[in-house]
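Shown below, as structure tokens, is a lone chain in the form predicted alone; questions about how it binds or moves come after it.
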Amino acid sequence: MTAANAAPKSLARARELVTPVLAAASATLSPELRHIVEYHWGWVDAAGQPQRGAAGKMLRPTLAMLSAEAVGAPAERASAAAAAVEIIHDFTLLHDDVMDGDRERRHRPTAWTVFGVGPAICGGDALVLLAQRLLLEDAGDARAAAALALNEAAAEVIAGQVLDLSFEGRFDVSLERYLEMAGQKTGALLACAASIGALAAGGPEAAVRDLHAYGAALGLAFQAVDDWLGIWGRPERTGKPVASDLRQRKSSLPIVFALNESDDAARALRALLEDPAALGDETSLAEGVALLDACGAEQRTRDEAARQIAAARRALARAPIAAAARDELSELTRFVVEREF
């Protein structure tokens, strides 16, 4: 990783803040559920032995921490909210891996391949309840409002996942419909993360509103980058095969862009996607990527990420928040969109 796209220091600060909270929360689970959850977090191996590595970036807890600091509260005021939003994120990942049949995450076998489908789903279910309990353990209107916001975000994520599943096998998804799905599945939780710390700290309504708008746009940018990585990302960085989204015939953003064209390349790509015998070898995958390029999908995906980042920056610029937190959020924004571009 070059200096230009080095990870912001706020990510490490957030990890230090929330790791003890996550550890205390997981200790309340039954031994079987705790094993699944801590394996998913990269804390233990399949046998339950402690290990290091495979943990996520902590983007969502970092947003929560910075949003509390943005309204003048200490980072510690956001510790429960930051941990809760990360727990909800991990609930979605455990379930997504089952639904998508993904066998690898963060360069190791997914939880369902190790423990089974049923136990992995139960692990995800346990995380939903754990997140709510974290926010409701301490009484107070601000904590209750944060718990409600997180609940609503989780409901949107689930609605987005159902919509995403409905796209499977379809090659007529419009850009508007895709953005609706991405706004729910990815944008809703990042919007919540970017504002929940301010909400839990009792921050001003205007700051909470603008931070929420910032996170929603950041989420769409994040998804655009993720979809770009799903086609053009390097396996050693993504942990997934080359052109993994094309292999799986996902209606990701580049594919949606391409199939909404009406030229020969779009028609050829559609024929390739509709052929069940195709995309199982490197030759046809290379052909598919070339057709995406011919449709301009790669550049249009980059442009969409840039458009959403611009919207996120506008929301951040108008938010009535502390300058230091704004600077750190701006640095985090840059990291999200430039992590592989």
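Note that residue numbering follows the sequence shown and begins at 1. Given the structure is predicted, the values throughout are model-derived calculations rather than measurements.
Below: the form predicted together with another copy of the chain, not depicted.
field: Residue (of E104, D263, D125, E76) lying close to another copy of the chain in the model of the complex, criterion heavy atoms within 4.5 Å
entry: Exactly one listed residue reaches within 4.5 Å, namely D125.
field: in the model of the complex, the residue from M99, L175, A206, A271 that sits within 4.5 Å of another copy of the chain by heavy atoms
entry: By the 4.5 Å heavy-atom cutoff, the listed residue in contact is M99.
- prompt: Quick one: is I36 in contact with another copy of the chain in the model of the complex, heavy atoms, 4.5 Å cut-off?
  reply: Flag for I36 set to yes.
task: Mark R133 yes when one of its heavy atoms lies within 4.5 Å of a heavy atom of another copy of the chain in the model of the complex, and no otherwise.
output: Flag for R133 set to yes.
message: Since only the chain is shown here, I'm wondering whether G118 would be in contact with another copy of the chain in the model of the complex (any heavy atom pair within 4.5 Å).
response: Yes, G118 is a contact residue.
task: Determine whether any heavy atom of S30 comes within 4.5 Å of a heavy atom of another copy of the chain in the model of the complex, and answer yes or no.
output: The answer is yes: S30 has a heavy atom within 4.5 Å of another copy of the chain.
message: To test your reading of this chain, name the stretch in 244-252, 222-230, 145-153, 198-206 whose heavy atoms come within 4.5 Å of another copy of the chain in the model of the complex.
response: Result of the contact check: 145-153.
- request: Check, residue by residue, if A12, W41 and L93 all come within 4.5 Å of another copy of the chain in the model of the complex, counting heavy atoms only.
  value: Spot residues vs another copy of the chain: no contact at all.
message: Using a 4.5 Å cut-off on any heavy atom, which residues of 251-282 would contact another copy of the chain in the model of the complex?
response: The stretch does not touch the partner at all.
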